[in-house]
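Next comes just one chain, in structure tokens: the form predicted on its own.
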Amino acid sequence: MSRGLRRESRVDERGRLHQIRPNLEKRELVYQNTRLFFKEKGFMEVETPVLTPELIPESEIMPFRADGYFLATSPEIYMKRLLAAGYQRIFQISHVFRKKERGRYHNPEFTLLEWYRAGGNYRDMLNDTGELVLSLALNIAGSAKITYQGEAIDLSLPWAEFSLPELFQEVAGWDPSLSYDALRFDDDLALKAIPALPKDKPSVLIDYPAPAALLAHLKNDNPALAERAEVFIGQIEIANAYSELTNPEEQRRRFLEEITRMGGGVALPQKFIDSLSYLPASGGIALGMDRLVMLFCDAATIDEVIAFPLGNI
């Protein structure tokens, strides 16, 4: 590369970083206020390994390998091991890594906020999420109302809630809890169900088909459904909540079925499975911090709220 091209590259980077500085400053405010929110609710902030020898086997998530280990795709297995050891309320803001995730809302390295409540369930996690997002809006935007990409969004509580089976029946003509088809489910979720959600109000899709909830407790009154819910704001997926599965044998069975679907060659996360014997009834949730920051910055792409996304490293 010539000296002129190097200089032009440096100028382009400095210009880009200068341009997104207001977004990065707002990102800092989101982090500060998020930590304050959880501290006021009695949660302990924890740290877990980014380099890990074991992962949850998930066919839709491709991990990065690192010298015989993996880069964590989520802090979940370690946070649940903390719950099993007696921790009650914990949260973490962590960098996680997933291959082949690049686009408007995706970067292979991104930031998850995860928190867990011993004695809680997915309803508790959804309540936390609503309170957190509204608190951030009031403290950062000064209002419960924000504008994202030309659309006014009212973050006031309560949020709109939709039964996933009922919404699928309405917009796609089938109930995936009665006859599950993974490819059809993913396509109809992305192309029919999510676009049917309101843009002017956060939405919750609740009660997913059991095969689409690898780590969730099944509903006692209908085991074809799992206690899993997803939160959407501006039709963007923001968070994924569970009532956590606590039965180690059931979790082992589900993992083995998932590994079979993946074609084998994947090890069971044995320490995690063993820990479930001590895991109390719990609720857990993962929230995409980059996407949340996008909303408060009115940013069209994830690259606008990350200092060094892939391609600018």
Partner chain sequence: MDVGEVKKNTKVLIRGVPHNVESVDFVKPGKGRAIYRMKLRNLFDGSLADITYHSGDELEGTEVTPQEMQYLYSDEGSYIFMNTETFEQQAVGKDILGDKANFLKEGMMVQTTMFEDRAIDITLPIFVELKVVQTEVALKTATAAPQGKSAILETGYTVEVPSFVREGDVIKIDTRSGAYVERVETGK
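Here the structure is a predicted model, which is why all the values come from computation and not from measurement. Positions refer to the first chain, counted from 1.
Just so you know, the form predicted together with its partner chain exists too; it's not on screen, but the next bit is about it.
**Student:** Using a 4.5 Å heavy atom cut-off, which of 218 to 226, 190 to 198, 158 to 166, 122 to 130 contacts its partner chain in the predicted bound form?
**Tutor:** Selected stretch: 190 to 198.
**Student:** L36: heavy atom within 4.5 Å of its partner chain in the predicted bound form?
**Tutor:** Output for L36 is no: heavy atoms all beyond 4.5 Å of its partner chain.
**Student:** Please tell me whether any heavy atom belonging to W115 falls inside 4.5 Å of a heavy atom of its partner chain, as the geometry stands in the predicted bound form.
**Tutor:** Heavy-atom contact with its partner chain at 4.5 Å: absent for W115.
**Student:** Y242: heavy atom within 4.5 Å of its partner chain in the predicted bound form?
**Tutor:** Result yes; Y242 sits at the interface with its partner chain in the predicted bound form.
**Student:** Report yes if any heavy atom of G103 sits within 4.5 Å of a heavy atom of its partner chain in the predicted bound form; otherwise report no.
**Tutor:** Because a heavy atom of G103 falls inside 4.5 Å of its partner chain in the predicted bound form, the answer is yes.
**Student:** Looking at its partner chain in the predicted bound form, is some heavy atom of each of E58, L183 and E237 within 4.5 Å of it?
**Tutor:** Yes, the whole trio is in contact, each within 4.5 Å by some heavy atom.
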